Ligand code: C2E
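A lone chain, given as structure tokens: the form predicted alone.
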């Protein structure tokens, strides 16, 4: 049987079907891409790329569900720029966009992994803090944002200054769903704006009280030195036989309203508000004048240890100030030991290293405070002119734990002592409060001791009397013994 003849039209029909299928597949892919782009635009601010209010609500709802299971808290910070419209009127359109991008970057760098920064309006932003365990964390973040935003901006040829009002709400105290939490935060922001702006308001009472205390402390801190509210106390440092070889200067603030304010509260605030420069210079000058008095009494050098903020080490003029202070107080540079923390070594490392070496050229010594608790890097011990390692008091306190099952820190203390001795450094233990601790440290070869067992922080005059007594005892010990016939 002869085969059926094939016509050209029979081949064209499948080809047309394949082309049509191909075009249909491309159209579907393009449609999916357009849908994906629309989804992004629906959830994202087009200028900054930040999540918008819709995405923020979704993430807040998810965070609340997760926190509910884990027993944690969730916080929303609502941020509204103060008088932004009047600032906006002075700028070109492109300059307004640049200003918005600048302040977005400033806030973004403050966030931790898992936090969300959203743009919810032209002059409004919000921060979602999930999985909060410390109730004060939202307040600290809000204050950091305020401090960052009010640093002047450079936009084109202009300098622009901005402040913000921030409201804080926390779940579950202020609401257990995203709309309520965001609404409460916005209401708190309205109260902050009504109070004059550049401030924080909290829905939760405890946070409101903490915010008020901080603002009150900030207003008093700037005048503390002028009003003679600051005082320097000194804690003795001794060797094993109890002889004093040095003192650490400790700043104290006694306010007529706030009472005794611990350094852990006012020093970070002073660093944030740049009060630390005047405060640090006053502390150093006061302590050096006192040390010069002690040095005139003592036949041996007496070491003065003074803490230095990492912010001070970013200022090249600090070197000139130290040199001038030592010269005016007539105190030998070898008697001064500036104490820095490990974290200071990593902040602005290049600038800090330069300043430390310049100070070493003057003859000043250096110690690392709270060694072992920060971001230890042995390379820094080789690169920097470090003379003393100070063992943090938490390790000293943990050498003989009272609770069963708690691992002793003796091995850590021993390692630090060996490290310091091998590198030719003095090792001083902080927080020594018992003979058991001191004896163990002596057996491990620790050089110096500081803590309540050696003496509490005291005024310069009181410590001077103790130093004078030690000098007289040493002098009397050198006198020849009287003849036996005169002994009675």
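If you're wondering where the values come from, they're calculated on a predicted model, not measured in any experiment. Residue numbers count along the first chain shown, from 1.
The protein also exists as the form predicted in complex with this ligand; that form is not presented, and the subsequent description refers to it.
Checked against this ligand in the predicted bound form, the residues 339, 174, 82, 115 give one hit for a heavy atom within 4.5 Å, which is 339. Checking 290, 309, 325, 352 for any heavy atom within 4.5 Å of this ligand in the predicted bound form turns up a single hit: 309.
Judged by heavy atoms within 4.5 Å of this ligand in the predicted bound form, the contact stretch among the candidates 93 to 101, 317 to 325, 354 to 362, 393 to 401 is 393 to 401. Although the partner is absent from this view, residue 433 contacts this ligand in the predicted bound form, with a non-hydrogen atom inside 4.5 angstroms. When this ligand is considered in the predicted bound form, residue 451 lines it closely, a heavy atom lying within 4.5 Å. Among residues of the shown chain, residue 267 is one whose heavy atoms approach this ligand to within 4.5 Å in the predicted bound form.
Interface membership of residue 370, defined by any non-hydrogen atom within 4.5 Å of this ligand in the predicted bound form, is confirmed. Contacts between stretch 217 to 235 and this ligand, counted in the predicted bound form as any heavy atom lying within 4.5 Å, involve 235 alone.
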